[in-house]
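Single chain ahead, by itself, as structure tokens, in the form predicted alone.
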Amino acid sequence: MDVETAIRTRRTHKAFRPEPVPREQLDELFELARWAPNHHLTIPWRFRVLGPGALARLKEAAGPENAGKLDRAPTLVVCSCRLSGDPVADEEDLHATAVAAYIVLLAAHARGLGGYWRTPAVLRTPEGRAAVGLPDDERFVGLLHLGRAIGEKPPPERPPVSETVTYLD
């Protein structure tokens, strides 16, 4: 699949078959994420693939009203950004981490997988952070749901380019 097709056809999926994404395939996705543009090559992104124990701890921290959303996909990946304490570098690194997360989603799609980027509140709480081992010097960026998607999704409506781009003289 070429890049343009992958960008235009990637969708957010919330229903998945039960088989987890094989570790070898996850490693391929994380290898590609290493190529995200990143000022000074600080490589700030961190990915944590949740196993059964970590998932159970996170569900407990989320509480019964939110735990069910964590069961949507067979493979969950916490994406975070390691912070340096320098506000400018941290902002740049946060954006680079978001690009790395998108690379994972786009590469997963190119391999026939579905994905869903969530930012559940539980991963901004001390209990949720502890459940997945997020240290104080990392900022939570996203929880990536990955797996074999069930069903197709039509493209969402998008505003015309003219509404989002300004050419300055």
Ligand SMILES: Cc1cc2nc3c(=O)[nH]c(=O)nc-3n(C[C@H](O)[C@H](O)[C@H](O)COP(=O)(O)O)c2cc1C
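None of the values given here were measured: they were computed from a predicted structure. The first residue of the shown sequence is 1; numbering continues from there.
Below: the form predicted together with the ligand, not depicted.
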Going by heavy atoms within 4.5 Å, which of 23 to 31, 109 to 117, 45 to 53, 59 to 67 lines up against the ligand in the predicted complex? 109 to 117
Note which of 18, 156, 159, 151 lies within 4.5 Å of the ligand in the predicted complex, where distance is taken over heavy atoms; exactly one does. 156
Counting only heavy atoms, which residues in 1 to 34 are within 4.5 Å of the ligand in the predicted complex? 10, 11, 12, 14
